[in-house]
Ligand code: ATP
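Here we start with a single chain on its own, the form predicted alone, put down as structure tokens.
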Amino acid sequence: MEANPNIKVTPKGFLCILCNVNLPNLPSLGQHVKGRKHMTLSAVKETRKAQGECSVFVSGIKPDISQTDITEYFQKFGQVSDVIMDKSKGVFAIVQFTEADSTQATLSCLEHRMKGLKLRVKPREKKDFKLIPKKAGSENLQQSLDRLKPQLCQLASVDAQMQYVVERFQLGDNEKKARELLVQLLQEVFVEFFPDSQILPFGSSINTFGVHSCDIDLFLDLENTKVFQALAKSTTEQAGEAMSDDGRSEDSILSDIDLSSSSTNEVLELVATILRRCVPSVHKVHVVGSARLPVVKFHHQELNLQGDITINNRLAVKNTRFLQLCSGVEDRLRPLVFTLRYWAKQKQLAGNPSGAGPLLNNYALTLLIIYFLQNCDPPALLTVDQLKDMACEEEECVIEGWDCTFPSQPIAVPPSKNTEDLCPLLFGFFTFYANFDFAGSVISVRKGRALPITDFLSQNKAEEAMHEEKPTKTQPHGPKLGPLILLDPFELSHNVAGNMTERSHRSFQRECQDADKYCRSLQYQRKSIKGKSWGLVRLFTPHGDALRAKTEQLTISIPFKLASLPETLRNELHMAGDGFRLLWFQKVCSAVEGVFKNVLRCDIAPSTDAVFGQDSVVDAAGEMETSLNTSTNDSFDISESQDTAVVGAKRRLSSGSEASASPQGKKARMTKMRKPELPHWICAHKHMVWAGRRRVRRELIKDTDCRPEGSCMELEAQVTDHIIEKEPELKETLEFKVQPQMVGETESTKTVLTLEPTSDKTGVFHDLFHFLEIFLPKMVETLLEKEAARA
């Protein structure tokens, strides 16, 4: 590996200074350097370095000097890309050029005078780029709860606690007015550059679920501006003059850009320029063009408010109106949303940094709450399809081909017959999702029910085939499959929880299970007479580091990748219906066993309580899936007379003979037993078949066929045989256990192999593990393709 200034050699391996991560060996280092986090931070570091070389620090200015003044002055030394001003004091600025030569020309000038001021110009201070750690988050969570705890403990009921959470965190009247004034200011500015345009707020600022300091989301509607521009162009061509009907000159900003043909990012760059130069107290303006919906981000310094502006998000405005309607129809929705959002934040289930990350977003969590209320008995909220039938003709709406029709006023919707209090509804939410079948379900708020996942598997398969034949840049029509599939109420091709990973989804369902158990206790339902924490306080308590600390397991994940599966295997999975995961797990287990036995020549034997055959693998997978959906107790009850342990089975009723053998009036004695261990393989290696494989492979193929590692079963088996023949045996046989388990759902389904050494006197197990971590998934994919071709 080439020398990397971000990598430092340590006695225990390597240290990535950029990411602050320790790595044990070269394979791990290679994987890390190719990872998204490292590559992103490397790109940011290089960008910051380039910006520093192209920037100068300017002092000696006054508050009445604008960015435009500074730009016009320094433009004579070269093109200025940005000017960052200290707007709170107005005493310095950073001028950034597009070329480093402009920086040298500026510094070479002995004296800088602008509007009677003598400016002091010097090179911008160079600072090392460092990753800011996020460990302070847990302390902030506890501090947040500590401030809330005294008031919550004094209230008389959980219902009162939930109402207090709303009062404590909701947007105040002054905050709402400040947002309204900002919208008015932006409207006045943008209409000067984009005639007849509109600034429309959406999201948490106006959907009734906004909290203190939440971002303000804005939609810049340019449809009327496009019409104006077309009419102005037509009028100009007819008159033969550079003047439109309302007297606007062609040297206006619209003469520089054609909205009908310009790209989204081009228009957003123009919006960003207007924000920087024409809106007071706005700074930190930048365009995020790589997002699903590109936006311009900014910060209003005086209001201390983060904001986003988008030009192609009309559906989001309609989504906001829908949430407003639900909130107006159902009074209990707001307390539930505020309580569960705070709970999710405390448990680190929500709150993605900078809007991107694997955690649940607030909009998705709100839809999960609405879906739960739709499925209460009786329902507390109607489905979107039911609401559509209640709308009048004037309320019919279709946006980008999606039906967005629903009543505009809550009075048009009949009240719910559900009269449950907030306390049992919150309990019901946790119970509902603690046992929810995310594996086979696509959650539809529009239908108010779960749709079968198999329908979407076949749909995505057809779309992928079309995309391979005719690649396009457009998004696929089907939703992104993931561990949690939650369809948008209107844009039915959008999975609003598509950012979640298998780990974040498991955390969400596990926390729901823990909360469900807690809500069954008196500590949740009744106020403590001794002044102890109760109700929401215990529910909101964040996890401490000690509770989160877990022993690191050596695991290898083999993900379910629909796109890489052979066509024949895809067809088999589709035909299997709801059992497609178990069938895929069976195929993977057979392939794993084939790799160990036929490729790596490992002595392998299944555990004594299971054999990995065609049927038994499916049974084992079913047992694993059942165990994942049951409560995670350390032990379970089982009758002494039973020979087989069944997870979650109820105790049998005593027969007459059993009753006579037991004391009168007492139930049959129950014995606490550990859950049976999941099936596994016991593997043994006598040779280090993982050492020097690349060198042996090159010798065997003799540069006539450069095949990548793990792409050919016969070649890899020859490499193993060559090592066994040429290299000496280990002094002590290496023995280890491999335990397969299926976790996750849909495209995030994984076969997780847990490896544990049982006899490693020579200390080579970790080297074997790091080899298998890369080799095994590739080899399994190869064997699946070979089996499909043979079929």
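One-based numbering along the sequence shown. The structure displayed is predicted, hence computed values, not measured ones.
Heads up, the form predicted in complex with the named molecule isn't pictured, but that's what we're talking about next.
Take the named molecule as it sits in the model of the complex, overlay the site C-alphas onto this chain, and none of its atoms lands within 2.4 Å of the backbone or a C-beta, so the site here is open. Taking a 4.5 Å heavy atom cutoff to the named molecule in the model of the complex, the contact residue among T103, N207, Q161, T339 is N207.
For the options P479, G203, P483, G535, the one in contact with the named molecule in the model of the complex, meaning a heavy atom within 4.5 Å, is G203.
Mapping the unseen interface onto this chain, E716 falls outside it, with no heavy atom inside 4.5 Å of the named molecule in the model of the complex. Although the partner is absent from this view, H494 contacts the named molecule in the model of the complex, with a non-hydrogen atom inside 4.5 angstroms. For the chain shown alone, D217 is a contact residue for the named molecule in the model of the complex, at least one non-hydrogen atom being within 4.5 angstroms. Of the heavy atoms in Q346, none are within 4.5 Å of the named molecule in the model of the complex. The stretch from 510 to 518, 716 to 724, 274 to 282, 319 to 327 that comes within 4.5 Å of the named molecule in the model of the complex, counting heavy atoms only, is 319 to 327. Contacts with the named molecule in the model of the complex, taken as any heavy atom within 4.5 Å, map within 267 to 293 to R292 alone.
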